[in-house]
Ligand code: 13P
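A single chain comes next, written as structure tokens; it is the form predicted on its own.
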């Protein structure tokens, strides 16, 4: 199973649902539709209405983050995985570099993953190295540390997906070479096998994915799908990625 996950970040109002309608209508008719899943993570404000609308359709709705407490608490503006699940979210991103930069620590991320799984959300756990770490050839050790500090064998790996997003690639148009990406993905899967003592969960790539470069990613069989930022905000760009992947 391949995944095409669109992260809308701070984008979208109720009428933006027309973007998803177009994606859904393409997806419903696509002869390859049984080979992949489409998940969109809009802002919190749209999760409930979009989840209801797409309840019996093809697209799944997720959240972009969740708070590191289980159910309710006195933290102003915080949203827990329990609350997300109750309004129809099926997935949540955890550990996106935006949130790490805003102060998410490994301890916080571990709680987020734990409570999300406990509340029946599937977790898309984001990892990635920055420009300096890449320059200093630290990529593999950084990724190993990010995985080992947060994931535990007792977490249900069937509810975990990993998204490798090199921070230096997000929104810059720069992407890793096919050779680097293959090596990195194999490394991630090896680390995950070590943690879970079983087959690795799915590993996705994110960072400047578009309809043109997706053909290159297609060659790397180890990649199980994509976390797509900017290109998920227009139906045409998002559909082009799927089309060109299966071309």
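If you're wondering where the values come from, they're calculated on a predicted model, not measured in any experiment. Positions refer to the first chain, counted from 1.
In what follows, reference is made to the form predicted together with 1,3-dihydroxyacetonephosphate (13P), a form of this protein that is not presented.
- Task: Find the only residue in 208, 68, 185, 200 having a heavy atom within 4.5 Å of 1,3-dihydroxyacetonephosphate (13P) in the predicted complex.
- Result: Going through each option in turn, the one that passes is 208.
*Just one of 80, 139, 146, 169 has a heavy atom within 4.5 angstroms of 1,3-dihydroxyacetonephosphate (13P) in the predicted complex, so which one?*
Checking each option against 1,3-dihydroxyacetonephosphate (13P) in the predicted complex, the one that comes within 4.5 Å is 169.
Mind telling me which stretch in 208-216, 49-57, 189-197, 22-30 gets its heavy atoms within 4.5 Å of 1,3-dihydroxyacetonephosphate (13P) in the predicted complex? So the stretch in question is 208-216.
- Query: Any of the heavy atoms of residue 12 lying within 4.5 Å of 1,3-dihydroxyacetonephosphate (13P) in the predicted complex?
  - Reply: Result no; residue 12 lies far from 1,3-dihydroxyacetonephosphate (13P) in the predicted complex.
| said: Can you tell me whether residue 229 touches 1,3-dihydroxyacetonephosphate (13P)? I mean in the predicted complex, with a 4.5 angstroms heavy atom cut-off. | reply: Yes, residue 229 is a contact residue.
Would you please decide whether residue 129 lies within 4.5 angstroms of 1,3-dihydroxyacetonephosphate (13P) in the predicted complex, comparing each non-hydrogen atom pair?
Flag for residue 129 set to no.
**Prompt:** Can you tell me which residues in 143-168 come within 4.5 angstroms of 1,3-dihydroxyacetonephosphate (13P) in the predicted complex, by heavy atoms?
**Reply:** Going through 143-168 in order - heavy atoms within 4.5 Å of 1,3-dihydroxyacetonephosphate (13P) in the predicted complex - there is one hit, 165.
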